[in-house]
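Here you get one chain, nothing else, as structure tokens; it is the form predicted on its own.
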């Protein structure tokens, strides 16, 4: 009998523990509600509205990240400048800050006591308790995932291809659109999916800035505190299905994953 190296045995045991630690609570969550409970939950217009609110605002956050984050990611990937490491740290900051703190920070800017809040109010832009406020929060928490993903994707493209394009007379924008973007499109889509998935799950910042209109995580919390597990679990299961769909799409688009399949 072939002897198994103790290290690989430890690695296999750790794998089972980690996978079980992640999967078992989710399986139990999905298993407990009956099909009738899930159907009744889906037929509730408030549930569908909350899930759509989460998906639509998260998608909007991803589109905003695409418009403003793509040129920023290109700059970080292709240029070295003084303070670059500091800027990269600032970009990653929303990942580490406790999310209720993010909600409070944005709320402090949106209030009438701050000049930004006063200007927004004069322009008729409502942030607190609005879809606009939700989108701002979700963009804040999702933007780092988009920027880092696209930055890594652009860094993987040989810069000599851009240099050839520039030597043939193309400008910086033309080179980006004709050379860089077509080669980095998969990273752009993956970044948007990551941004959307992160935004869909956001609760702490949203509940401070905009309890209403309800997103799915806020509705799950509201139903759990008011009615308990029985009424919150079906909504949570539907949200798990949404996240699972996003990550299945992510794995399909991930070049490394596809190369191994």
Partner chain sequence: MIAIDDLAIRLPGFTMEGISFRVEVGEFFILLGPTGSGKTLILESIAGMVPISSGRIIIGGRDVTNLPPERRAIGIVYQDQALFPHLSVSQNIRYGLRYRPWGADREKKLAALIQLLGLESLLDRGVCNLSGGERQRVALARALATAPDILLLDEPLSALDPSFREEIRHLLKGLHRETGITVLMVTHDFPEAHFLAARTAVIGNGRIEQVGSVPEVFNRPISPTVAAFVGMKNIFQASFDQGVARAGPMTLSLTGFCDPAWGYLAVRPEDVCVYGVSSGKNDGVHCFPGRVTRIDHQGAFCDVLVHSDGLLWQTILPTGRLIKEDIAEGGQVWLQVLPEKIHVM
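Residue numbers count along the first chain shown, from 1. Note that the structure is a prediction, hence the values are computed from the model and not measured.
Keep in mind that the form predicted in complex with the partner chain is missing from the display, and what follows is about it.
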item	value
Non-hydrogen atom within 4.5 Å of the partner chain in the predicted bound form for each of 26, 34 and 40	no
Interface segment, criterion being heavy atoms within 4.5 Å of the partner chain in the predicted bound form, picked from 115 to 123, 172 to 180, 88 to 96, 139 to 147	172 to 180
Contact flag, residue 132 vs the partner chain in the predicted bound form, heavy atom cut 4.5 Å	no
Partner proximity in the predicted bound form: residue 108 to the partner chain, non-hydrogen atom cutoff 4.5 Å	no
Contact flag, residue 186 vs the partner chain in the predicted bound form, heavy atom cut 4.5 Å	no
4.5 Å heavy atom contact, residue 152 and the partner chain in the predicted bound form	no
Interface residue in the predicted bound form among 156, 168, 75, 104, criterion: non-hydrogen atom within 4.5 angstroms of the partner chain	168
